[in-house]
Each structure stands twice: as C-alpha cells, then as structure tokens.
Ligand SMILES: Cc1cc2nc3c(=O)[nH]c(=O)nc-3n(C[C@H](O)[C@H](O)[C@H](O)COP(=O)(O)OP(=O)(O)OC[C@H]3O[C@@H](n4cnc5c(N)ncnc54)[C@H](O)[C@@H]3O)c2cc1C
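First, one chain by itself in structure tokens, the form predicted on its own.
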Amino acid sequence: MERVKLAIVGAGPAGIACGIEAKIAQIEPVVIFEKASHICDTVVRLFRPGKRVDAVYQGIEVAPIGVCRFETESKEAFLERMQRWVEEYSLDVRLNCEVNYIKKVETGYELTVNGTPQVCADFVIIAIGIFGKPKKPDYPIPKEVKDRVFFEPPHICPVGGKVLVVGGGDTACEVACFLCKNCEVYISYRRPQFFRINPINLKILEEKVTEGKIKLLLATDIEKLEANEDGRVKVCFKEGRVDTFDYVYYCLGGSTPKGFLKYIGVEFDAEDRPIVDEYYETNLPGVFLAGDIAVPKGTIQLAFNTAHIIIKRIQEKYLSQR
C-alpha cells in the first residue's frame, strides 16, 4: 500500500490550495484524488462559458492570508490559473480516482480509491465541496418531461421557447440573464424579494426586467410538475397559478455530501453541519475539512484561506512534536 504524509480528497480550488500550502510547508509526499476527469469540476460543470468567478461573492470580502489569491476573472481565466498552479507546484493530482471510504488504522488513515484500499496517509483533508449533487425539489419530476427539466446551468442557450428558472440566488439570476437572449424567461422565487444576489448580478437582472426580457414570479412556490398534452412542462404553483413552459431550470444550490462524511465517522451538529474546530479539524484526529463543507457561505478566497489554516495547524499540532 502506498504511504503518503497527506491525502487530499477533491481537486477543486480548496483541494489544490491545500496541496500548494503543503508543498510550501515541505510536507511530502502529498496526493490529491479527484473523481472527475479534470480539476475544478464544479467550475467546469456549473459555470457557463464566460461566467465571472467572483473574488468577492455575496458581499463577503475576504482578505487573503495564504499563498493562493486571485481577482475576479472569467471561468476560462480561473481554470487556466488553477491548472498553472498545479503545474508550477508539481502537484500529484490523480484524476478519475473516487475515494469511497476512509478508515482509521494503526498507522494512519487508509483510503479506499475506486473500490480498492490503495493509500495510507498520516493526515487527510476532505475538500469535496457542496456541489457534488445539485439540490432537487421534494416533488417528483414526471418521466415524460425529464428531458425538459434541468438541474445544472445550460452551456448552450435554447433557440426560442418559454423557460422557467427556479431559484433566488446568483446562479438563478445568471441563468435567466443568459437564457433571455433567445427565450421568454420567468424566474420563480418563493420569497417576495431577492436578498442573496450580488450587486452586479442584481443590477443586470433589473435591467433585463425593465426591458421586458425577464418576468419575475416572486412569492411563488411550486407544488408539482405535470406533463402537458403537447409534451411541455405544466407547472402547478401552491398559490393556484398554473402555467406551461418548454424548459425548467432548477438553480437551488448544492448540498453537503453528508452521507459520505457520516459514513466515515465525521460528527454533525443539530443543524446537520459537520462539526469542526477553529482549524477545521473534525472529531477524527488528523482529518480536516476544507472549503465549502467547512464554512457556511463560503467563497473561493475563503476556501484558499482554510487551506492555509489547516496546513499551519498540521505543522504546529502534529509535525512539530516529531
């Protein structure tokens, strides 16, 4: 079995930052496991071409404390930056490698990768993010319209059609603004006003609404979806409204991959968030969480900062005693 000092689960921004901070701290060997065929899977899958990657997100400005930092830039520029860092710091990123289980053994933590125990590590950082699976509504999606209902932002804008975007955050806003160039777009949001959209996106949305390109259905809540006679999506709202759309895009955010964390023994609090200390260490000694799963309302810069704090803690708490 391969022996490493640090195993990092996830090659997103937080995972890559952990690898970089570890390299600078001369913690080696370090391996990063990524189940996708590329790094930064969330950005690759959920950010449409040209979308901004914001350094300041939802008004949360975070001062960099470690090596990794960036300014607001496009999806493409951000991905180029991350790939450049991987090469510059010679990070050992292993793609198409899904970590299925992490078990405490006498010599550290044994990681099962793609169904086989492969690595034993002194320390583990889990940086898998909250977007492993998009959130879906509680009501079922009829099989007759599943090809018209989506849970990820589109990369290609449909040519024509009536579209419903469900959600009240930045992703919902950006998807609506992207689709309205070709489609008749509506946004359904259960609250009477938006409060989670960053100022730039809100300004763009308001302009599109004023131009009549986007129509707002605020304070609306969907009860169920049905298949219309012509194969389109019939949306039934709890308020009694019924409307039909060609496509429905849900932008409800992601959920913490708590199933995996609970499976390996990470404890959760009453609000169903993983319990970590101020250094993002879990109840499992030497196992840390980085990025979105460690901090509420996280930003990419904050994810970078968690990496710096974790590596510093590993040095001070564990390695200084050896």
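As the structure is a computational prediction, the values presented were derived from the model and not from experiment. Each residue number is its position in the shown sequence, starting from 1.
Here the subject shifts to the form predicted in complex with the ligand, a form of this protein not shown in this document.
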Next on the checklist: Since only the chain is shown here, I'm wondering whether residue 53 would be in contact with the ligand in the model of the complex (any heavy atom pair within 4.5 Å).
Outcome noted: yes
Next on the checklist: I'd like to know whether residue 282 contacts the ligand in the model of the complex, with contact meaning heavy atoms within 4.5 angstroms.
Outcome noted: no
Checklist entry - Do residue 307 and the ligand come within 4.5 Å of each other in the model of the complex, heavy atoms counted? => result no
Checklist entry - Is residue 314 a contact residue for the ligand in the model of the complex, using a 4.5 Å heavy atom cut-off? => result no
Checklist outcome for this item: Testing 205-213, 241-249, 220-228, 94-102 against the ligand in the model of the complex with a 4.5 Å heavy atom criterion leaves exactly one stretch, namely 94-102
Next on the checklist: Using a 4.5 Å cut-off on any heavy atom, which residues of 140-175 would contact the ligand in the model of the complex?
Outcome noted: 153, 171
